[in-house]
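A lone chain, given as structure tokens: the form predicted on its own.
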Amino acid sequence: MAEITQKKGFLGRLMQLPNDDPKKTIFIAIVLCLVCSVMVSTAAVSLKSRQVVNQKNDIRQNILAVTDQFEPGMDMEAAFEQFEVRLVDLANGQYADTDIDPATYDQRKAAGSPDLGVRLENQQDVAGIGSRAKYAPVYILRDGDEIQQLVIPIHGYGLWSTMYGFLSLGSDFNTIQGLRFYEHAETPGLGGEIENPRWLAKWEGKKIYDENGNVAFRVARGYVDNNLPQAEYKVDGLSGATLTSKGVSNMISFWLGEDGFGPYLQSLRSERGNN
């Protein structure tokens, strides 16, 4: 009877060992790891298409929100159709002459590409991003033929992370209409306050460029008295988050400057007869 129930082979001999035997423990651990790896990999592959859709919708939601077009429960795909999406060649400030589809263009991936990425010199890299893409998307909201709002993607390094967001400018391409951050890893309650709606509301109506066309906007250290000169170019700093505030300032300086969207915005302002 004992011979009938005795397990055969390597697996049988292993399973007959006591549960606290190191060989049996290691074997069980390896099997569990393999099973979990297969389950996680299967889930990642099967959910990939859904992740892509969710990422696209998240981007759309933020663009709609920064232009004050978002409403809960809305059909975002339909609402997003009102935006004209174009690629800008950041080197010359003109719309890119390329076959790349702006709707599927990945600016982050392009920044690290040998063909589509541009390495930044230290003196250029005030935003701490290392490199930028040759082309960048812009999201245009028109009223008839006139541009009413222009949304540009911005990113830069804060205290702990690269902060990603969208900045909306009004029809003069100088007045801030809105700002939203959709990805960062700054300290909750401190640098993480870059997502606080009360702080973001203080950006609305602020100016980027001074009368000479230079980037004058910055995040101040502390409170901004709106009765003082140059207050239109400043927004309150974040309490206890000096480095994050500085990172946001540097981000604006870079992306609205000569190595970012500066030439493109200057071209648009010239067409409008502004500055």
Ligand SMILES: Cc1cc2nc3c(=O)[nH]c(=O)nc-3n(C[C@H](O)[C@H](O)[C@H](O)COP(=O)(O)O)c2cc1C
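Residues carry their position along the shown sequence, with the first being 1. Since the model is a prediction, treat every value here as computed from it, not as a measurement.
This protein has a second form, the form predicted together with this ligand, left out of what is shown; the following refers to that one.
Three or more ligand atoms within 2.4 Å of backbone or C-beta counts as blocked, none as open; so place this ligand from its pose in the model of the complex by superposing the site C-alphas and call it. Site status: open.
is_contact(L159, this ligand) in the model of the complex, heavy atom dist at most 4.5 Å: Contact check for L159: yes, within 4.5 Å of this ligand in the model of the complex.
May I ask you to state whether Q61 is within 4.5 Å of this ligand in the model of the complex, using heavy atom distances? Answer no; every heavy atom of Q61 is more than 4.5 Å from this ligand in the model of the complex.
Evaluate P137 for contact with this ligand in the model of the complex, applying a 4.5 angstroms cut-off between non-hydrogen atoms, and reply yes or no. No, P137 sits far enough from this ligand in the model of the complex that none of its heavy atoms falls within 4.5 Å.
Flag A220 as yes or no: does it have a non-hydrogen atom within 4.5 angstroms of any non-hydrogen atom of this ligand in the model of the complex? No.
Stretch in contact, per heavy atom within 4.5 angstroms of this ligand in the model of the complex, of 65-73, 29-37, 235-243, 43-51: Of the options, only 235-243 has residues within 4.5 Å of the partner.
Looking at L200, L120, L116, L190 here, can you tell me which has any non-hydrogen atom within 4.5 angstroms of this ligand in the model of the complex? Residue within 4.5 Å of the partner: L190.
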